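Only one chain comes next, encoded as structure tokens, the form predicted on its own.
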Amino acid sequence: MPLPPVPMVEIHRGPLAESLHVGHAVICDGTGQIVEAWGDPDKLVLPRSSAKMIQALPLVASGAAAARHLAEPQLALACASHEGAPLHVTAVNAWLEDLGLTDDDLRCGAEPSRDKALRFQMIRDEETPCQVHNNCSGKHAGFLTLTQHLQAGPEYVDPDHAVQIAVRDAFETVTDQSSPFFGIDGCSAPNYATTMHGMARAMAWFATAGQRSDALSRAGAQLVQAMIAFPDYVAGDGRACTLLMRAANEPVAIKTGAEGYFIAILPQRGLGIALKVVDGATRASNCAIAAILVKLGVLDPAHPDVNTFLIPEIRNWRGLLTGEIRPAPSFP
């Protein structure tokens, strides 16, 4: 029988817990065994952008990244949900130029930059957002790199395209489960379903990848190292992934996904974490992943960047403190 989600995050106003977010979370070790779980480890989920490092595996394992001499910032971008800030846009444009391609070759769709300064400047200058501003454009530049390496057709987001077949194979390998279906993500690429246990197992696979010598594991280790070395490319200024990776007491790769998903990869411990907030609220998933990492000693709750997500204040339009977001008493 399916297990119910557990209380994870409360929204307080005065003395009242006004709202409650529930969810599922799993921690796995390098053998794929569950170390600790909340809710239902067998819950079927779409990990959304938390799966980007899996989607980037064929780029590296195939030799395409080496053939194009991709550096660590580009590998971090391949795993990123970035802000579309000048840092990211410049890097993706340079990557496309190196491939002999343009913005029109991307298939992620145009999106206004999430970097406020750039977005407002573009509005003032009457500039139209491009696909490079899309938060997934780094992943798609990676897809295009692999497409060229495989000498495949331009519609690389088609589920039957060689790139997506390679992604699905990698996904099923690291989750150690056959994916029963996929959904189309916001960037138009297939997003494969798995269980919470499968996703935590995959993150533990990444955490222990450096202990193995096969091509896929070597690729996994490279991607994790790139994310840890270049957190600004993984997300951006003010984002939970970037700030929590910077604040950590040990190397950790942290990656958000839409609809309340989060993962963490702990290479020194060989542990992988998968988290899903049922109602999809980012305010809750930010808090919940911070709470788990604080419990494990990876994050210090006194660090200001950690506290920003662990127990963020709620203020009204006059700036008055009206409440806070915090982990539920029983979690984690």
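All values reported here derive from a predicted model rather than from experimental measurement. Numbers follow the displayed sequence, beginning with 1.
A second form of this protein, the form predicted in complex with a further copy of the same chain, is not displayed here; the remarks below concern that form.
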Residue-level contact is defined here as any heavy atom of the residue lying within 4.5 Å of a further copy of the same chain in the model of the complex; does N93 satisfy this criterion?
no
| message | I'd like to check something about E111: if you look in the model of the complex, is any of its heavy atoms closer than or equal to 4.5 Å to a heavy atom of a further copy of the same chain? | response | yes
Requested in this report: Give a yes or no for V278: in the model of the complex, does one of its heavy atoms lie within 4.5 Å of a heavy atom belonging to a further copy of the same chain?
Outcome: yes
Does the 4.5 Å heavy atom contact test between P251 and a further copy of the same chain in the model of the complex come out positive?
no
Heavy atom within 4.5 Å of a further copy of the same chain in the model of the complex, from candidates E259, D98, D176, D169, belongs to E259
Interface check vs a further copy of the same chain in the model of the complex: of V294, L271, V45, A64, the one with a heavy atom inside 4.5 Å is V45
TL;DR on 215 to 223, 230 to 238, 103 to 111, 68 to 76: the one with heavy atoms within 4.5 Å of a further copy of the same chain in the model of the complex is 103 to 111
Applying a 4.5 angstroms cut-off on non-hydrogen atoms, the residues of 78 to 105 near a further copy of the same chain in the model of the complex are none
